[in-house]
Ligand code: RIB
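Next comes just one chain, in structure tokens: the form predicted alone.
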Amino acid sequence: MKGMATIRDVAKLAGVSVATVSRVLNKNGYVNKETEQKVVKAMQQLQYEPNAVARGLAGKQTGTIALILPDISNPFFPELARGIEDAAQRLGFTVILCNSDDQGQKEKSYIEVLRKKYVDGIIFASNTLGQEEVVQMKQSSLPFVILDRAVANQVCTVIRCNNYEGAKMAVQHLLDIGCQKIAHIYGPQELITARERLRGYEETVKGFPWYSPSLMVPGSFRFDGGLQAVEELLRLHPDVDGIFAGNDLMALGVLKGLKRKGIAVPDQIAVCGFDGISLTEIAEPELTTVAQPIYEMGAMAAEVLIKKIKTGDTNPGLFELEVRLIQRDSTRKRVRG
């Protein structure tokens, strides 16, 4: 069957050693013309197709990179993956997608398998990459790029957006449209993205007399987290009139929760999210958001990684992309009577 013959089968039919077949395949070392023709003829007869991984073992690149995501069901990540895939394809590389479900052990096993499969490099968009795995990859000279966060005590190449400034932009926008008591629904604090967005909120509002730490409620970066958080928030602060959610999924949960309670957005409570996922345009009302350049971030990750693979560059780098506020109906300017 086509593709099933092995290098040993070729060597046997040609009457040469496996090492000789390998030299012919990889054009590495001297093989006389007559022997080379025997090997080529044997390959044609057996319909032998050299395996990309096997060629990788001989020091060649496999033209494959891996992308490890925390949760493919989050609409942020398909757009990121598309940016990575398009850039990789343009540069002659294929992408393997791995979903870690935010589980450290699952991610560890992926890294181990990927190293054995001889991928040329890995992009991490996950949240559970540990110091031990980083050290292992550095020791095995496996290039990698991290999206959003660096690992503690490790110097790595990181691509992220300016989360702190983006959060300040969101809160300032809510103040500018007339909000007088603004709350924040935040993501998991082990993630630097969530911490920086919370810090941006707090730095902007802590000087106001209405500010209280209880205006900050956790929402886990999930839709149902936003739904539950808005319940808690309105129980603690029924007079809140602006909500900055740390990502769009939570903000969409907030919109749903407010609608259930019959609270008008933005007339009674204005809502702003963060990320710029496409679902924000489908929401009713359409959601104001601080948009990351998601596709561009993915494309940059692929380009930076592939450059490392091709040049052998091991230098760390930090690439920080700017965000922009997209104002929609959920923060329409209020008309004061």
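This structure is a prediction, so every number in the text was calculated from the model and none was measured. When you see a residue number, it is the position in the sequence shown, counting from 1.
Unshown form predicted in complex with this ligand; subsequent notes refer to it.
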Open item on the list: Using a 4.5 Å heavy atom cut-off, which of 229 to 237, 190 to 198, 128 to 136, 165 to 173 contacts this ligand in the predicted bound form?
Closed with: 190 to 198
TODO: Classify residue 157 as contacting or not contacting this ligand in the predicted bound form by the rule of any non-hydrogen atom within 4.5 angstroms, answering yes or no.
DONE: no
TODO: Find out whether any non-hydrogen atom of residue 100 is located within 4.5 angstroms of this ligand in the predicted bound form, and reply yes or no.
DONE: no
Open item on the list: Would you classify residue 148 as touching this ligand in the predicted bound form, given a 4.5 Å non-hydrogen atom cut-off?
Closed with: yes
Open item on the list: With a cut-off of 4.5 Å between heavy atoms, is residue 74 one of the residues that contacts this ligand in the predicted bound form?
Closed with: yes
Open item on the list: If the criterion is a non-hydrogen atom within 4.5 angstroms, does every one of 221, 275 and 292 touch this ligand in the predicted bound form?
Closed with: yes
